[in-house]
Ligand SMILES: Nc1ncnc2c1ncn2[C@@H]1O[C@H](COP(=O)(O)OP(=O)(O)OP(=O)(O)O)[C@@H](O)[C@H]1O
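In structure tokens, the next block holds one chain alone, the form predicted on its own.
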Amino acid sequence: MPVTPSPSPPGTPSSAGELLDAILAQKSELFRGSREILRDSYVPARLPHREQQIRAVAEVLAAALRGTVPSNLLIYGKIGTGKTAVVAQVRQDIQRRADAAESLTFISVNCGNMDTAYSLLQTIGNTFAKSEADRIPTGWSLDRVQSAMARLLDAKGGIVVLVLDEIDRLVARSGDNVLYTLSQLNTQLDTARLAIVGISNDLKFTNHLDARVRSRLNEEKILFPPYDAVQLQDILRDRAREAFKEGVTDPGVIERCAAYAALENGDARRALALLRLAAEMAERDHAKRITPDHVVKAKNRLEQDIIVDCCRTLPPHCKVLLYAILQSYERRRNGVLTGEVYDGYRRLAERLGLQPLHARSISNYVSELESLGLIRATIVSRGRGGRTREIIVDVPISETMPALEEDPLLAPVGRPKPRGQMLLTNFDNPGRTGPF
């Protein structure tokens, strides 16, 4: 999806090198210091409206400062509700107060980056490897990796607090066996003890766990509620005071960023991203102040970027499926049935030289596209024809289709096309119910 550059002022250098030199020589009229302050990875000294949750997490983990193993802890909440930031802040405070750093170790793992139980156990074990010879290589059996990890933990000794961020994604990919292994690891350790802190965006995460795992992990639970618009304003004002020079934000900037994010489940990450991008757009416009118009531009850019990122990371057959849905929806401008979708996907896949997947696999991809917020699929009754799903597109077709067409896979069917030529073959039976 092309991005329209800001108009260049007179005298702007033409070569890339000169342009970069000119940009680096400019002093920001908006930012006071590091822009990282407006990123979700930054942990501020104060976390507004999370005092109760900070206290609850600290009360559980403070046991490590007394030399005893903390209870296992599960933290729930929607994306952008401060879960990771609260745990990071409590961790920093505990580590500052630890009398003997050697006796307390924190390990933080983002499970969204872990494909298998093997990679998780390998990562934990290699944290304590003192030399290359001690490291756990790839290619061992899972049992051998588990034994090596336990041996490395015992060699370090003390209390180990393992923070598993997005723990629900690990279970979705690899099942809950690895959590069972970790939860009962203390029975195999001699000098070390392990406590698990799980952070989940799925409020019903434990419903999918085996009863044995659930009983071990559910020792302590803390729920993080979404922020409302007023709370998001407080968060943004704190960050703005730290990040921006005085008086560079117009009235309504903070409020508009907070309002947009409040509509999306109170996501503080979204609010911070809007404010940061609005400021960067103001800089590119050579403006001396950040205005509500810059926030609107930032919102549009973020939505475009999210669509592009989603499209780029989809598996090949899922991209073909989404393209078929968009093309059919563009022609009809109303819901399309799964039978039409499968026919369109199959014809397009064959045209692109791909072996079409079975209907069951495509049904799973429909569910994945729905979970990403790109489509909505609702059950509808077709009378004697039975029930099927009707698909509604929830993203701008004019932006999403060009994003998909950037992929070489879909380049043969990309636009522009000669007048009257369709991207896909017409669906044969628009009234038929779907096979999935």
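Quick caveat, the model's predicted, so the values are computed rather than measured. Residue numbers run from 1 along the displayed sequence.
A second form of this protein, the form predicted together with the ligand, is not displayed here; the remarks below concern that form.
State yes or no: in the predicted bound form, is some non-hydrogen atom of Tyr342 no more than 4.5 angstroms from a non-hydrogen atom of the ligand?
-> Output for Tyr342 is no: heavy atoms all beyond 4.5 Å of the ligand.
Is Lys83 close enough to the ligand in the predicted bound form to count, meaning some heavy atom within 4.5 Å?
-> The answer is yes: Lys83 has a heavy atom within 4.5 Å of the ligand.
Spell out, yes or no, whether the shortest heavy atom distance between Thr291 and the ligand in the predicted bound form is within 4.5 Å.
-> Output for Thr291 is no: heavy atoms all beyond 4.5 Å of the ligand.
Exercise: Ser174 in contact with the ligand in the predicted bound form, heavy atom 4.5 Å = Output for Ser174 is no: heavy atoms all beyond 4.5 Å of the ligand.
Looking at 130-138, 313-321, 348-356, 234-242, which one sits within 4.5 Å of the ligand in the predicted bound form if you count heavy atoms only?
-> Result for this chain: 234-242.
The ligand: the contacting residue among Gln327, Gln304, Asn201, Ser363 in the predicted bound form [heavy atom, 4.5 Å] | By the 4.5 Å criterion, the partner-contacting residue is Asn201.
Just one of Leu182, Ala268, Leu120, Ile167 has a heavy atom within 4.5 Å of the ligand in the predicted bound form. Which one?
-> Selected residue: Ala268.
Residues from 340-368 in contact with the ligand (non-hydrogen atom within 4.5 Å) in the predicted bound form | The stretch 340-368, when checked against the ligand in the predicted bound form, contributes no residue at the 4.5 Å heavy-atom cut-off.
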